[in-house]
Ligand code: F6P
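Only one chain is included here, represented as structure tokens and corresponding to the form predicted on its own.
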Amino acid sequence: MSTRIGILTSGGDCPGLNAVIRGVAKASYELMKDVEIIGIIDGYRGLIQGEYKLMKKSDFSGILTLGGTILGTSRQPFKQMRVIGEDNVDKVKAMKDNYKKMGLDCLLILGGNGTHKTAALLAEEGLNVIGLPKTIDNDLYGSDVTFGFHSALDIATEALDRLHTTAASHGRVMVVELMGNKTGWLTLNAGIAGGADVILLPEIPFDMDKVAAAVQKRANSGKAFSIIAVAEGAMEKSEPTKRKERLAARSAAGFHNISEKIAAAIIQKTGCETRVVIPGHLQRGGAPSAYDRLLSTQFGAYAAHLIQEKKFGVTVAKVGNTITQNKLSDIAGKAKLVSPDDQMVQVAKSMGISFGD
């Protein structure tokens, strides 16, 4: 009797998803005699609506270096999973029914924080679930690193590298807004690797006067340009802590995002010519880095071993130099935040980088 493995990718895309899918498939074919892999289309939406396909071995060839996801993905908010909307669909019941309809022995779910909350819900409902930690934000609790993070870090760092030359040529301040709504791991690491002069994170609310002072200090010392790396979720100390209120206040003042507000303040307080650059989705596109190819392959192969051992209700993780697993119930709903005392923050401060705090 064959082992039927369902795989879905949920939430934002990132480099490494296909490498994990490949790792799971190739290792499963080697470890188990008779395996069938079911690809669920467009994440939880496909599981709810019953859209899936039986994969062939050839589907997993040539995808190690391919960005995005061959299965497609979508965002299905966890808060809405138990809410029956106008379509009158009980989403949790539909997912359980389709799991049985597909004849699955287990379901592999590749995603970040929201995805893992739903994965934990399905495990509680009795499905055999294994999570795989994907997010460019690197904020999944219980794992030192998530696949996709290093690829995004390389791209964000390259963006900062390129902006140095044009900023220096024109004597400008560049405000570079990087992804990270709730956590600042990407901005922190890219800021240090890319030689930013100021790094602004969601976890460390900043004082605009101190940011301007850091720029002015550089100008006074003869350095005609500055690079400010800011996470999209960064906020001033004086702003509302609730996101909706904060965004509404910025919009009322004529700003679309935090980087525009920072740029306007720098021009007003220092007189320095300032530009805003937002790399946006470039950070999550393209081929995975060599590091992410290795990590994704390790995660995928480890998941195959978990399937073979019939160990479910867990998510794969990297802790130190070891690939291991955590209980879904222990990590779901928890975010790994940057602490103001984090070693990398202290390293940055020792290099003279300002956090505006």
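In this text, residue numbers run from 1 along the sequence as written. In this text, all values refer to a predicted model and were calculated from it rather than measured experimentally.
Separately, the form predicted in complex with the named molecule exists; it is not shown, and the next lines address it.
- Taking the partner from the other structure, the named molecule in the predicted bound form has no heavy atom within 4.5 Å of any heavy atom of residue 250.
- Among heavy atoms of residue 75, some come within 4.5 Å of the named molecule in the predicted bound form.
- Interface membership of residue 96, defined by any non-hydrogen atom within 4.5 Å of the named molecule in the predicted bound form, is ruled out.
- Using a 4.5 angstroms limit between non-hydrogen atoms, residue 284 touches the named molecule in the predicted bound form.
- Residues with any non-hydrogen atom within 4.5 angstroms of the named molecule in the predicted bound form fall in just one of 158-166, 219-227, 256-264, 130-138: 130-138.
- Only one of the listed residues (268, 238, 80, 181) places a non-hydrogen atom within 4.5 angstroms of the named molecule in the predicted bound form, and that residue is 181.
- This chain lacks the partner; the member of 232, 105, 203, 154 within 4.5 angstroms of the named molecule in the predicted bound form by a non-hydrogen atom is 232.
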